[in-house]
Structures are given as C-alpha cells and as structure tokens.
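The chain that follows stands alone, in the form predicted alone, written as structure tokens.
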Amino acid sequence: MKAVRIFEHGDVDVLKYDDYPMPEVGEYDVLVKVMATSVSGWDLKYRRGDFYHLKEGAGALPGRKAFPLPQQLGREATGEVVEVGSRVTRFKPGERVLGLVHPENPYCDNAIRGLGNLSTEIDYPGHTMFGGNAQFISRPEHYFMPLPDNVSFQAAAAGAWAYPTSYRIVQNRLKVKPNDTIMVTGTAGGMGIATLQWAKLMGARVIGVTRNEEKIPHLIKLGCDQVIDTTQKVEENRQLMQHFTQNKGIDHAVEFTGSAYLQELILKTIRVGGNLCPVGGDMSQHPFPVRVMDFTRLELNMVGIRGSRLIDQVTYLQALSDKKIEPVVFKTLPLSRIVDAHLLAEKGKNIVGKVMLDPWSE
C-alpha cells in the first residue's frame, strides 16, 4: 500500500511517501480502507520533533508512551471496513467508520473517574501507533465508531480531532453559557473554527483573532461577532474589546497560539471570575505569564485540556449528522503530495480551515 512515514524528525524532507507492507489484522482488529485523512497541527509538531523533550522527566504526559519512530502521521481518518478479525463483533466488511483520535481504556483509574481522555495503557493514532496517512489502517475494533450514512468521509475526518476536543473545552472545562463572551485565538485554524462553532451553538458571543486582515470577512461569515487584528497595538485592541463587552471584560478565553501578545491581551481584558484555557501553541515548557496576584485580583480560573472523552466524540458525530456543525476544508491534496500539504498547513498565509489528504487520487 501507499503511505507516508517519518524515520527522523525535521523539515518536510523527512516525509517519505512510498510503498509499505499492508498492516496485519489481528483477531480483534478491523482493517479499513482509508477514504479521507488530514494534516493537523499535531502532525507538524510530531514531524519537527517539537515536543521530544516530553519523552522523559517532568514534562512527560502521564500514562502516554514516548513518541516512537518510525511513525505514520495522521490523527484523523475515515474509511470503509474491508476485513475483520475472527473475534470482532461490532463491524463487518462494507461498513463506514470513523477512527477515534482518543480511544479509551475503560478499566484504567482515569476512565473510571470520567476522564477517559486520560486513559493509560492505550495507543493513540499518529502518536504511539500508526496514523491515517495511508491507504489502509488496522486497529482494534474499539478504536472505531460507525459513521452515519448522511456524513461524508471528508467532513467526519476533517473535524475528528478538533471538534470533540473543543467541545470538551467549551462545554466541560469552561462551561460556556448563553450570552457569555468568549475570545478564541487561532480562530482560522481547525481548532479555532470548531471552538467558534460550538460556542455559537451554545448561545455565546465570540471574539475572533487574526493577524491577516484578509481573513476578517471569512471569520465574520463563520460567526465571529467581533474580530481583532493583532497587527494593532495591545492597548487599541484592549479598548475595542472593552467597548464590545460594555466594559465588563470577556468571560472566557481559549488560547491556541502560544503568542505572548495574545497572552498579555487576555490578562488585560478578562473579567473578574473569568475562565482561561491555554491549549497547544508553543509545546515547549515556556511559562504562561500569570502571577499569583493575577489569580488574586481576578479570581481567575485557569484550566488545562488533554483531548476528548468518548462522549465528546459521540457528541461530535451526532451534531455533524444533525447539521448543527460543519468542519471547514480549505484544500484537499493527494496523499502523494504530502510535502505540499505540510507546507500549506505550516506556512500558508491565507488558510481558513483544514488541509485534507486523499489516499487514492493522483
């Protein structure tokens, strides 16, 4: 089969599109013909080795294995079942499926506590097991979910990571309510758009962020009630946000970028008792610039996030089937053009939405 793997960390030249052996199918496994996969921010970081310092020591992710090489990237994948192992009971050939980006181990202590996203002794696609950037994948049956007939392969794959995770941020970690104001940084990316759509669905007002003036109309069309341009001075944007919130400040902030500019702006505009969720961005161990006095003067609530639970992934598929949300696809390229896809996702200036891959087109 055709697939893309990396054998070392580095620039796009480490991406090796080639012929590789078909994956083995164990007695509990499901072999799937991949119809849609993607390039995510995680894939870019994994390829570069941005978080290799997390392998050991205080920065390691509890319950997660190290980041192995070689690796087949692609956190997201959908497709059609072509073969099942002798002990498989949930699926049969011909059925459409979505690969779970955060499968759960129901027997670990974290899952029993309701934190299945923190499951231990389990592999995550494109993380510690081969991901979806291939023509075929084989995984245990509980690593898949049935795909509704009215949901396309591409739409389901495009949001499989971003939407469940952002749903948990908005609904579970921040507890966004109708009429709340939420600032979402990195708004034009997959995670940003997903957070924007969930927040609007929950009745919130959304402040989007961009450093590219050409993206402002797109973000307004997607549902942003206000967009700030980070090429302007912090004080100018602070005044704009204070005016928008009638001097109350923002209720919530989700920070996807790791930008010091945006971190400063958030701390200057979040209201007393507000909620802040820093996500992704700079995967190094640089501190978020919050002082003890910031927590005291604001009675600030700061929460972390590590992926989605199974219930969040089920909620995503149901909302997608009900047409309540719609992942945005910027461009689809053949898997053979993986280098172009990474360059587009990593350095493209006018991207709004997701870069997708088709394993079967030329």
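Residue numbers run from 1 along the displayed sequence. Predicted model only: the values in this text are computed from it and were never measured.
There is another form of the same protein, the form predicted in complex with a small molecule; it is not shown, and what comes next is about it.
The contact with the small molecule in the predicted complex, taken as any heavy atom within 4.5 Å, belongs to 279 out of 224, 84, 147, 279.
Contact with the small molecule in the predicted complex, defined as a heavy atom within 4.5 Å, holds for exactly one of 215, 96, 127, 205, namely 215. Interface residue remark: residue 154 is not counted as part of the site for the small molecule in the predicted complex, having no heavy atom within 4.5 Å.
By the criterion of a heavy atom within 4.5 Å, residue 305 is counted among the residues contacting the small molecule in the predicted complex.
Within this chain, residue 132 is remote from the site of the small molecule in the predicted complex, having no heavy atom within 4.5 Å. In the predicted complex, the small molecule lies within 4.5 Å of some heavy atom of residue 192.
Annotation: in the predicted complex, residues 41, 161 and 259 each come within 4.5 Å of the small molecule through at least one heavy atom.
The partner is not drawn, yet in the predicted complex one stretch among 291 to 299, 29 to 37, 305 to 313, 318 to 326 has residues with heavy atoms inside 4.5 Å of the small molecule: 305 to 313.
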